[in-house]
Each structure stands twice: as structure tokens, then as C-alpha cells.
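The chain that follows stands alone, in the form predicted alone, written as C-alpha cells.
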């Protein structure tokens, strides 16, 4: 296969983290890699997918990378080139680990790099958020690390928090079931009790403060929630018991449903094996196969690179 003219690497993410519904998310050290193999006339695209989502992504009209690319070009008022694309996907598809946000971020970055837009960070993030509909996945995917973000439909504000300590791991259990985002949204109540709202405000604030100051022992409180997890835990087998089991394991700092589920995430200091085994054993008890990842918090965010051979031929990215 010829060397690609452009390559974009995007990390997995875990949004809705703990009490931070629609506002707090973190990037993980698991990646999709998107390679632009050639430029084509306007409106012409071809795409191949290897790995996760290969079966689901056969229709080019529903390819999220290409649709996000076109939306970003429209956002900036540019007539985008067509291109060939190969997606190498390692992020589990429809499992609450930001596979769609990964595609959105990649599509926007390809639009920027391939058409010489050279947008600023704020403009890139606003385009990504408009396409995704909320920032809690795309912000950490693009920026890396743990982010707190707010979006009012037009204006975006975000803060990237400090890195995690070197001995902190992110253990993610991924059951072999899917939860559609629409179903996860429909599971939520239209109204919540005032006491539950206050509960989450306190927990979300505590979580951000604990992360910013390194008070990691407070994360177990900060990752507690009454707005979405108790409802979404009912959507997959074992969901209503797995978090109670995991949070009591020594070294576990906090546990939460990742995104809208069904993956479950735990922050662990020290050896992560017991946490991973407990997660997978719980899913097995409920008749569900699962796999687990022992990851770290990604700090670099999305990466765009053009091979040196092509840079020498073209003299740059434009």
C-alpha cells in the first residue's frame, strides 16, 4: 500500500464521567488511525475500514469521518477535496468509548489539513462540537487529558486539567452488548429531584477540584452520580451490581459507566489485575462475554501528521 498523504490518530474517550454528565470527559490510550491515501475530485470519496466497525461502516454515505469532513468544510465555507480513506479502528464500536467522537475529530482535522484552513484551536473545537452536539467527548479527544467543558449551542468554554500520576491506570471492561445512544438518552427521566441535582453539583465540583489538586482519594465521591448512571445501569446485564463490587477493591479510586455504556471504567492506583478480573467475572455471571483494557489517561490528544516524503514533495501541509 502506498504511503498515505495524511494520517490522523484519535484517542478513545470516556464522557459523562461520574457526576460530570455532558460536561466531563477524559482521553484514553486506545486509538483509531485514519489514513488519507489520495485526493480526489470534489464530492468523490472511497473508504475502507479495518477492525472495529468494519461491518457497520460499509455505506460511504453514513461514514462519520466523511460526513464530519463535509460538515466542517461547510462550517468554514470551503469547497473540500474528495479523498480516499483507510480507517484502522481499535476503539470498540457503540460501547461508550467515544468511537463517534473519534470519527468527528478526525473528519474536522482532515478538513482543516487537506484544504489549508489552518483553523485555530477554538474554531476546530467549535466545529467538532457543532457536529457531535456536545463537547464532553470531542474536547478530550482533540485536546487529550481530562477536560471540563460547557456548550450553550454557540459558545464553548473548556478547561484541560492536570495529568494523572504515573501509577494510575484506567481499567475498562467492555461487555459484548451494545447500548444505542438514543436508548441511553430515552432511559433518563425528564425531571430530577432537587436533592439529586444538588448531589451531582457537589460531586462534579469535587471531582474537578480533586483532579486539579491531586486529591485522588476524593474521586470515589466525585464519580458518584444520581442523574444518569442508575438509569443506564439497567440497560445491560450486570450493570446494576458491577460498580458496587468494583469500588470496594483496594486501590480503586472510583468507578463509572463510560459514556452512555455499556463499558464500565475504573481508576486504579497500583496493580489493576484484581479490578479487571472482578469486572469480567461479574459480566460472566450475567451470561455476557467481555474483554478488558488496562489503559492510561492520554495526554497528547489527536495527532495529525503528513509523512516526510510528502512534505518534501509539497513543501508543507497546504
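All values reported here derive from a predicted model rather than from experimental measurement. Residue numbers count along the first chain shown, from 1.
The same protein also has a form predicted together with L-homoserine, omitted here; what follows describes it.
- Shown alone here, residue 232 lies within 4.5 Å of L-homoserine in the predicted complex, counting heavy atoms only.
- When L-homoserine is considered in the predicted complex, residue 259 lines it closely, a heavy atom lying within 4.5 Å.
- The shortest heavy atom separation between residue 15 and L-homoserine in the predicted complex is within 4.5 Å.
- When contacts are judged by a 4.5 Å heavy atom cut-off, residue 126 does not count as touching L-homoserine in the predicted complex.
- Just one of 134, 160, 226, 247 comes within 4.5 Å of L-homoserine in the predicted complex, counting any heavy atom, and that one is 134.
- For the candidate set 88, 220, 181, 115, a heavy atom within 4.5 Å of L-homoserine in the predicted complex is found for exactly one residue, namely 181.
- Here the chain stands by itself, but in the predicted complex one stretch of 196 to 204, 161 to 169, 135 to 143, 75 to 83, 135 to 143, has heavy atoms within 4.5 Å of L-homoserine.
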